[in-house]
Each structure stands twice: as C-alpha cells, then as structure tokens.
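Just the one chain here, laid out as structure tokens, in the form predicted on its own.
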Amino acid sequence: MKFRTFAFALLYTVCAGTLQAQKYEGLADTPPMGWNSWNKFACNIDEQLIRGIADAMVESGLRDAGYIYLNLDDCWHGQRDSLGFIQPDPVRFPSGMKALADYIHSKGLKMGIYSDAGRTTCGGRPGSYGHEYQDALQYAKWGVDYLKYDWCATEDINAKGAYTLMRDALRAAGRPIYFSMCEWGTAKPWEWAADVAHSWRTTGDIFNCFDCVDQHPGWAAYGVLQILDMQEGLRKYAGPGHWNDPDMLEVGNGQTVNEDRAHFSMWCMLAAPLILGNDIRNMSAETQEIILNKEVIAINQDKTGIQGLRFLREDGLEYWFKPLTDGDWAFCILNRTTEAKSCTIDWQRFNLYDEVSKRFTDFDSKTYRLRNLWTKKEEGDTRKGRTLTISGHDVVLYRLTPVKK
C-alpha cells in the first residue's frame, strides 16, 4: 500500500510538473555568489569539511558580502536505495544531507549539490539518468537550493532534452532550486537554455593557470585568458535570470596577486557567477581583499545585468566597458602580457555605442568622475586624458559616474 501511495504521488508530481514546465523565476536576478568544493578539494569532501566551510563563510564576512551558496560538487554520493532514491556516502556524510542542509541554513546560507545528466558523474558516482524526478524529489526533501548538473557519461543523450527534463523535475518537486547547467558549451546552450536554466557553462573546465591549456587525451582544461576569449559573441544571451557561466573562480589557489585581481575583475565584468573555489578557512590577506571588495562585487551584481564588452585590443592591452545602472559604466584595462605596460587614455577614442544596452558612452558631451575600485581612490574625471602603467597580468578598474550639471 505504501509503495502504491508513493507511486501515485510520484505520477501526480510528474504530471503537474509537465504542465508547469518552467524554471523557477526570481532566483537569479543577479549572478549567483557562493563557494564550490571542486577546485580545491575535488573528491576529498565530507560533512566535517562542509560544516567548517559554512562557519568560515560567516566568520570571514563572505556571507555578508553576498556569497550565500555553499555547493557540494562531485563525490558526495553513496548508492541508491531499494526504491531508487540516491543516498549520501554513509562514511563521509554519516549525519545525512538533511542534517547538513539544516546546518548550512542555520548559518544564513543556502546549500548546493551536484549531479550529472549521464549514467555516472564525472567522478564515477551514480548519475541522474533515468532517475531525474526521484533525484529532484530527494533534493527538495533534503532542503537543497542549488543544483549543478554535469555532462559526463552522456553518450547518445540529447543535451536540450536532458536538461529540460531535469528542469521539469525540479519544478515538479516543488522547491525553488537554482539550476546550473554544466554542459561545457558543446551544444551552444546560450542559444536555447534561457527558459531551461539559470546559468549555463560556456566552456570546458577552468584550470588553475592564468594563461595556459592543460591538455588531456580527448579533452582540455583552460586558463583564465583562454576562457575569457571563449566568451566572445555571447554577451547578448546573458541577462537577469539567465547567465553565461565561464566556470568557477581560481582566486586564492596559488596564482599571483596580480593574476587573482585580474581574474576576479574580468569575471565581474562578464556578469559571471562568482563561485569561489579556494580554501576559505585559510586565506591570505591579499585573497580576502580581492574577493571581499564590495565595490568590485557591485560591478558584477549590478541590477542592469548586462555583460561587459571588449571594445579594443592594442599592444597587449584590452579595454572593456560594462554598462551599469543610473548611467554609470565600469571601465577595465587588462594587461594580458607578463610585462608592465603604459598607455595614455584619450577618452574620445572610446565614444562607443553598445547594441546590447542601447547606450552611448558620450565622452564628447558628458563628463564622468573616475573611481579606482582597487585603490579605492577618486582620480579626477574624463575632461582630461591620463597616462597609466599596468603591471603584467593585472588590471586597472574604474567606475565612471556622470557628473550632474
């Protein structure tokens, strides 16, 4: 009788979900911010680590700065029970996922979890293929708030169909869960996934390197600059509720301070999800200064929700603009080279029209105040040009605010 009752409830939930067939809105008006276990810990995760991370997110000020998602990546899985419901690894997570979610929620945070559209996850654990509705129901029961959904072991599976199926399953489960597609950009999800997921990966995995490729048989991981270049042409697809995702941050994992600052700045200019991947229990002062810079975070979280534009590449430097609310602009100069570079800014060169925001910079008729977001100093206005020196693999980042007449 209990099994019949469960089967009827599951069938009813599936049918109801099919009729609704839409993602939850209002979960991603700005890009999500949080932490994920993979970049630093890979499969070496357990409930003690995750509880410690939750504590650190509060004590370090990360939660109050906007980093609210604490996401478990691959390898939390145990086996499925006799009814097919996934269970956590009983050795690594002996208290269970509901207790862990309750602890995370008690800290004012939200809990994320990981699965895969294929038969197994990338780490060889049970995937969600054939169990999509069961897994969504289990996540809702546990109190999960975020799902990263990967793309390993998906031979002969259609990406659009697989991700739409999980979207419908999450909706049918009845709990608002942020849906992060991790399909690596193979099927060009930016062209079709705006009503399926809240964000979608645009590339393969990031690698803890600023300018290199980590080549493997049949696949590769990419450095910061390589992933940045792969975002060309995608900005028109992003916006509130649906974001391009160039993968998680490597800030604090061993690159130079200049490189970490540039990496963080460019992800903010891209309106990308800001998902940390370092050990936040043991951060340097320099790392904390970067990831807790509220003025730079505000560029990422700007409610206009428009991804930045690479306007000019010249002599190893890139000049980027990002339209912000109230007529402001973010202006970033990235030095891609390893040597310091000097440049003279003639603002009239940057009279541009942005087709996505439908806005002009109007440097010929407007004056903007300059706020350097890394030095946190006012640096005059755009009535005069200026000469800057930018260290190798570093940035200068300004907020430009119109001067009221």
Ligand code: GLA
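The numbering used is simple: start at 1 and walk along the sequence shown. Note that the coordinates shown come from a computational prediction; the quantities given were computed from them, not determined experimentally.
Form predicted in complex with ligand GLA: not shown, discussed below.
Only one of 111, 274, 332, 182 lies close to ligand GLA in the predicted complex, with a heavy atom inside 4.5 Å, and it is 182. Interface residue among 290, 209, 86, 122, judged by heavy atoms within 4.5 Å of ligand GLA in the predicted complex: 122. When ligand GLA is considered in the predicted complex, residue 268 lies well away from it, no heavy atom lying within 4.5 Å. Taking the partner from the other structure, ligand GLA in the predicted complex has no heavy atom within 4.5 Å of any heavy atom of residue 368.
Contact check for residue 38: a non-hydrogen atom falls within 4.5 Å of ligand GLA in the predicted complex. For residue 260, no non-hydrogen atom is located within 4.5 Å of ligand GLA in the predicted complex, even though that partner is not displayed. Only one segment in the set 280-288, 201-209, 295-303, 324-332 has residues whose heavy atoms sit within 4.5 Å of ligand GLA in the predicted complex; it is 201-209. No member of the trio 225, 318 and 393 reaches ligand GLA in the predicted complex with any non-hydrogen atom inside 4.5 Å.
Using a 4.5 Å cut-off on any heavy atom, the residues of 60-81 that reach ligand GLA in the predicted complex are, in sequence order, 73, 74.
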